[in-house]
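This document opens with one chain alone, in structure tokens, the form predicted on its own.
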Amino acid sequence: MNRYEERELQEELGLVEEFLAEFLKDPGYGGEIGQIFTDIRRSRGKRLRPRLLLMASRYGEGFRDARNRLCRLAALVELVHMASLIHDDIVDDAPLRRGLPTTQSKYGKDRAVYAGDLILSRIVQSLFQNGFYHVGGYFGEAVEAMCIGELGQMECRYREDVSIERYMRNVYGKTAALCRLACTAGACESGCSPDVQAQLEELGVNFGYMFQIRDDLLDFLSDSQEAGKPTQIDFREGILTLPVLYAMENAKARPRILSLLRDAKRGAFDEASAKTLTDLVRYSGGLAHAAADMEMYAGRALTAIENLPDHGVSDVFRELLQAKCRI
């Protein structure tokens, strides 16, 4: 991607922000909903999923003519992510998100539920009003997968028999499905051929798996303990991530990890327990195995890129993969 194309992409991301502001405008019914939406806009993430959609669209011959529609679609994908985070924070009773108070902590769980639902309703309206009929089916599939993934994760909480296969099914819904949607929607709306669309879909799925495993690894490798924040949040909530599941394949580490899991279930998991868990996962090979899987999914995503037509944006995809694969 040359400098001109990079500037174009930045302009498109700016247009995505304009559409997000439109979608998150105050409905004018009074009350706090306008302020809730203002807060949601203020708590902005890295816009990874809109970026994936816009980059994927570059492989279609019609991406320039569909520029505005693609930016609107990119905003809709980000809205799905926003609504899911609002609902996740309710379930987790999370006080903060990106350093700011969550909707549920500031306005209460009831208002947060309806705020998330209102965002989803605006997604549905825009999909129909703007004629995104075919792509709309992909949105429905992604939201269904996200719900199934979250429900699957809830069913696995504090269970001692969770398998890596079950973990990966949950991860598909929690993370990979939305990355798949971003790449598929961009490819479809820009007029990519079925073969190119299939490769971009493969790229999105594997990027999502890689991204989630990286997040799991960072929970053990970050300096959150030194920063004074709780560590091993997932484990405290009974969620066994990939590094832990690999560590449990070690006969000596498994009983000790299960003992810590039981401690977590009764609320007796402290920072000393977190350090013990980190040591167990590290020295039993759990971190190394999970890191190898992350590299494997990154490799699959790179293979999908190599199977795409030669295009400047492929280099940007490679750079993004390399950046997100670092821990």
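The structure displayed is predicted, hence computed values, not measured ones. Start at 1 and count along the sequence shown; that's the residue number.
FYI, the form predicted in complex with another copy of the chain isn't displayed, but the following is about it.
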item	value
Contact stretch among 249-257, 68-76, 118-126, 198-206 - heavy atom within 4.5 Å of another copy of the chain in the model of the complex	118-126
Contacting member of 168, 217, 239, 143, with respect to another copy of the chain in the model of the complex [4.5 Å, heavy atom]	143
In the model of the complex, the residue from 31, 62, 45, 299 that sits within 4.5 Å of another copy of the chain by heavy atoms	31
Heavy atom of residue 158 within 4.5 Å of another copy of the chain in the model of the complex	no
Another copy of the chain contact at residue 113 in the model of the complex, heavy atom, 4.5 Å	yes
4.5 angstroms heavy atom contact with another copy of the chain in the model of the complex for residue 147	yes
Another copy of the chain contact in the model of the complex: residue 136, any heavy atom under 4.5 Å	yes
